[in-house]
Ligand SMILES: Cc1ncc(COP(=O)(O)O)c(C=O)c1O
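Below, in structure tokens: the form predicted on its own, a single chain.
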Amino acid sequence: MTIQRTSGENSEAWFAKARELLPGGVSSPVRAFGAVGGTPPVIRSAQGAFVFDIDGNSYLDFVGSWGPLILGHAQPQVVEAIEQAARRGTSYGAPCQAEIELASAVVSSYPGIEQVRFVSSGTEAVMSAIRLARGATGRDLIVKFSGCYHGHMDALLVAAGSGLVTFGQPSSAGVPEGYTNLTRVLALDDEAALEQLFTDEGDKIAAVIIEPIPANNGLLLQRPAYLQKLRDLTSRHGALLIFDEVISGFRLGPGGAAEHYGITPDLATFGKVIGGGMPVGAFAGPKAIMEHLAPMGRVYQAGTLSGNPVAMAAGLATLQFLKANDAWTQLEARGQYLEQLLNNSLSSSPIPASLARIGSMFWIAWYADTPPRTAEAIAEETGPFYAHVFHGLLARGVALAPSAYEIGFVSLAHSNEDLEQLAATLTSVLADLEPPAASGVN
């Protein structure tokens, strides 16, 4: 597709109106371009691998609505499923067939789970899984890792220490310290700190939650041995291991990171792909744990729109298409091809840069000869330099996330030519950038 460029006057005007009506002009903070500067294009429509703004500009899109659109925008089978479901009614507040069918698809795909509870977002899934873990174990402490994001749940919205365990300190105004003083924070990939924490407080830990593929603060790929250490320690001390697969679930494969690494968690949380672009989240586990939930048990969780028939239909159509079309094999092949292309592009970067890639997820680590495994290892200069790269790409019709720390996604709608266009455009942008001065980015 030919990339067209026009002035952004309509987007400027509409976003000015948005700032009057919405805090920061947005419904989710990163969309406001605060990390990269400038005014975001206001999107009118999307199709396949492209989004189109209200000025008539088209953008080759590698954001993919932040991960859900594994089939691309407005995929025909998904749209048809949504339309048919909506004609039957948009909400029942009662059990529905699509809910049961999607539950069957999830349970049959992911290792170790027997039951699933649907919710409306990844944050809600994590919040509920944490409550369930505490109710099932009778313990209070939760362990998380810096560089892993689990939604905006108060108890997990905490700042991290510098390597050793810290008490969680709120990283957002409006979160009382009392909400986070039962949260412990560790750096990723630090086995000594992990073992010490379990030595000190192992009998008080309800659960350890981790993105097995950390993908919200860079793509911080972990050593399988470290994930296995988590599994061993939690099992030994009677704590639950929660895999937050909101991003990686059904993106990496039908069994997510659990299948990829051969490590089965006690609970898993899902979102994004299982909703097919609609608001869907879920948490799942074996019956022995899940039956602590009401109405079977004493852990309360509920939602008016949970199991919504339209959202369930979108998710079911997405998973059925993925399985019927050997999609994950195709996505891995495209990921490998993109990795080859981008590594060639990065060879001409004015600063050290390296690519992290797993399946159809990718991220460029700037100022790094090799991709980091911890949040603390990401260079401070990354943000300012990336802002130049981001706007250079956007001006040429290629959209990556408006944050240096968010990852990119390849979908089935991306052709090899689209991947080649991303690499060629990146090469062009890097050629126009001069090496930053020693004191920072020019």
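Heads up: residue numbers just count along the shown sequence, starting at 1. Keep in mind the model is a prediction, meaning the values are calculated, not measured.
In what follows, reference is made to the form predicted together with the named molecule, a form of this protein that is not presented.
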{"query": "Distance check, residue 246 to the named molecule in the predicted complex, heavy atom within 4.5 Å", "finding": "yes"}
{"query": "Residue 216: touches the named molecule in the predicted complex, heavy atom cutoff 4.5 angstroms", "finding": "yes"}
{"query": "Residue contact check: residue 122 to the named molecule in the predicted complex, 4.5 Å heavy atom", "finding": "yes"}
{"query": "4.5 Å heavy atom contact, residue 151 to the named molecule in the predicted complex", "finding": "yes"}
{"query": "Partner-proximal stretch of 88-96, 107-115, 310-318, 122-130 relative to the named molecule in the predicted complex, 4.5 angstroms, heavy atom", "finding": "122-130"}
{"query": "Within 4.5 Å of the named molecule in the predicted complex: residues from 266-284 (heavy atom criterion)", "finding": "272"}
